[in-house]
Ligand SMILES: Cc1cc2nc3c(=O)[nH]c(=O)nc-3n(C[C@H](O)[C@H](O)[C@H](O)COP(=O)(O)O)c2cc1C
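Just the one chain here, laid out as structure tokens, in the form predicted alone.
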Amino acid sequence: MNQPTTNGHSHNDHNNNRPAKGKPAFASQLKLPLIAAPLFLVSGPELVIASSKAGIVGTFPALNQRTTEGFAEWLVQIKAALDPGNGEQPAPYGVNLIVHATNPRLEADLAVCVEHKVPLVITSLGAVSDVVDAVHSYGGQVFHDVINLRHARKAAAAGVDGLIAVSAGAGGHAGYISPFALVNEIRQFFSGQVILSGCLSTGRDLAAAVTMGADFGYMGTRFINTQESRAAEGYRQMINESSAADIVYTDKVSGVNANFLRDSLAKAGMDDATLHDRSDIDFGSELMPDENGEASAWKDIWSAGQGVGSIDSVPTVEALVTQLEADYRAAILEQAATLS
């Protein structure tokens, strides 16, 4: 589990603000090796604060706030809530940045992350060494979403600290490779942190991820159905009533393949016959929240992973993390017992 956080690329070796080996410094503050994934239009300060206070890493997409100024205000709110006020380190949190040419806010939002020294920056749809170096300048960590080995190698070359292995069945912009294959192949060349994403909904799922070689689990859909999320009631109910068979993998919504709830697609007039391929990707117009903080492309088309079949409740984050920890520990102890 104690893997180096660097990957041997010399352009980051000058940075003495972060440990050269081992887990990120914030790992010691966690109850579980778990990141609550950034959920578009669902993760707000409430969910981030509750997750981080519960002992995991709460995160949110910068684009959930419709302006860079609003994004900065959210960071102030989150930092104030997580600061214990006794000189101890605040609980860790993270921000997701879309590193793509169609995101007009990237430069401004990155500057805000640097100003506020965001502990963890999660980059998606583009691994750029300039972004990595900006975060490393203050001692922050960069984890990058990847769905295949080509993306993973590019991100490693950019100097990221961790690779989020987005495997088959994950919610949102999902991959298509088995988690066993993806984690094993990444480990062959990458010595940084590996974070497994895809169908993790329970503490036992997290234990399995760690057992197979991941340093952290990445859980998204399970946190949609929490009291602190900003998901619509209908969204939560649909997740509670769905199984893996109700998840559709399509690029029709944003131009990038993602998993969605079939019933939400149908209500938007998108049946199986109309879910054909598209080649354009646009995170400027389709995924940027409007003046009401909503994005037309995703407002009523709801994303979820294939792990929905094990979700049937809407607890508080604190109650959920308590249950996840109990199940995680039970699974680890059961496995240890088999060795004796």
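A quick note: this is a predicted structure, and the numbers were derived from the prediction, not measured. In this text, residue numbers run from 1 along the sequence as written.
A second form of this protein, the form predicted together with the ligand, is not displayed here; the remarks below concern that form.
**Student:** Would you say all of 33, 56 and 216 touch the ligand in the model of the complex, counting a heavy atom within 4.5 Å as a touch?
**Tutor:** None of them does, since no heavy atom lies within 4.5 Å of the partner.
**Student:** Residue 235 versus the ligand, in the model of the complex: is there a non-hydrogen atom within 4.5 Å?
**Tutor:** Yes, residue 235 sits close enough to the ligand in the model of the complex that at least one of its heavy atoms falls within 4.5 Å.
**Student:** Is residue 155 one of the residues lying within 4.5 Å of the ligand in the model of the complex, judged by heavy atom distances?
**Tutor:** Although the ligand is absent here, residue 155 would stay clear of it in the model of the complex, with no heavy atoms inside 4.5 Å.
**Student:** Although the partner isn't part of this model, could you tell me whether residue 124 comes within 4.5 Å of the ligand in the model of the complex, counting any heavy atom of the residue?
**Tutor:** Although the ligand is absent here, residue 124 would touch it in the model of the complex, with heavy atoms inside 4.5 Å.
**Student:** Can you tell me if residue 170 lies within 4.5 angstroms of the ligand in the model of the complex, counting non-hydrogen atoms only?
**Tutor:** Within the cut-off, so yes.
**Student:** Only one of 224, 118, 194, 131 gets a heavy atom within 4.5 Å of the ligand in the model of the complex. Which one?
**Tutor:** Selected option: 224.
**Student:** Heavy atom within 4.5 Å of the ligand in the model of the complex: which of 141, 264, 229, 96 fits that? Just give me the one.
**Tutor:** That would be 96.
**Student:** Picking from 299-307, 44-52, 25-33, 65-73, which part of the chain touches the ligand in the model of the complex when contact means heavy atoms within 4.5 Å?
**Tutor:** Heavy-atom contact with the partner occurs in 299-307.
**Student:** Going by heavy atoms, what in 132-146 lies within 4.5 angstroms of the ligand in the model of the complex?
**Tutor:** The stretch touches the partner through 145 alone.
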